[in-house]
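In structure tokens, the next block holds one chain alone, the form predicted alone.
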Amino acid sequence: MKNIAIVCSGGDVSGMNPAIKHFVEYALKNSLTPYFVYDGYEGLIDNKIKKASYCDVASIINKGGTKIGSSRSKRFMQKEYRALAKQNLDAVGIDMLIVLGGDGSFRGMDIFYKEHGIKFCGIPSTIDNDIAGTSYCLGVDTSLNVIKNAIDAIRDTASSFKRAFVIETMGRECGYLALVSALTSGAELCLIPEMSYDLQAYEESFKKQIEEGREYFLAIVAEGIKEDSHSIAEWFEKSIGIESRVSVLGYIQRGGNPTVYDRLMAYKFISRAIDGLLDNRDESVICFNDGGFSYKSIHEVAEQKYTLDKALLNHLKDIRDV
């Protein structure tokens, strides 16, 4: 039997555990021996590599995070530590890896493959959904649902106290979470790094809305905008004349019970990743676009700049024109 391992790298997402569960099941179905690499690329270096079985993945499909841990490894950037990782994999006869992570993780694995010939398949896994070449990354659906629930709860207080709430999502460089959440929650304001804005442009409209009976506002902002959330809240109070509060959602966006969609996509990603490796696709990333999956090269994914879908940005422009 050939040996295959799975590793999580970078930020955890809900959907990793369902992927890990199906990895074990599908590997065994294909006469492969599954192994876990614990704690990301650090685990490759520190030899935290263990054989996995069905009992290791029982009762994890409904849990957020990752059973096998993750990390951001600076050591893996150094050639000497990659050589040590190769020795550890050779000791147990592993020459195939599935990597759940982002473009930085894929670039690291690309170097590893070129140096040492360890075949791999990457599965885009980040709540920011900011990997080029794919319209969907594992975990983003659960994150959006966590944000949706938070916004719906905050709306209750906003309407009860007649306040403006500035709700900050993750996204230092990408506004996907903020944008989709704003569109699907009916927010009155959405600010993201990808689009410049002038708060003064909203003043006349917002004041008129208050005159016509609006009693509260919801503003969804990404953490990477030029001003902090408290400055936006202060603007609501001083310029619009409505009491305001800030709610920074923070790390609750990364955890939580994986949605049905993320569980299903984890299943599909893993199946295609293992199929690809068995079909001699030695270094690829599984991408999902227009309802279908495809294998793409590292160049198409990790070396291209991600941009938000133009249709989504046009919807944001529609909000701003109201």
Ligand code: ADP
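None of these values were measured; they are calculated from a predicted model. The numbering used is simple: start at 1 and walk along the sequence shown.
The same protein has a further form, the form predicted together with the ligand, not shown here; the description that follows concerns it.
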Answer option from Gly117, Gly93, Gly104, Gly250, heavy atom within 4.5 Å of the ligand in the predicted complex: Gly104
Looking at Ile210, Ala153, Ile111, Ala83, which has any heavy atom no more than 4.5 Å from the ligand in the predicted complex? Ile111
Please pick out the stretch from 177-185, 135-143, 157-165, 72-80 that is in contact with the ligand in the predicted complex, where contact means heavy atoms within 4.5 Å. 72-80
Determine whether any heavy atom of Asn17 comes within 4.5 Å of a heavy atom of the ligand in the predicted complex, and answer yes or no. no
Does Phe269 reach the ligand in the predicted complex, with heavy atoms at most 4.5 Å apart? no
Those residues of 9-26 which, in the predicted complex, come within 4.5 Å of the ligand by heavy atom: Ser9, Gly10, Gly11
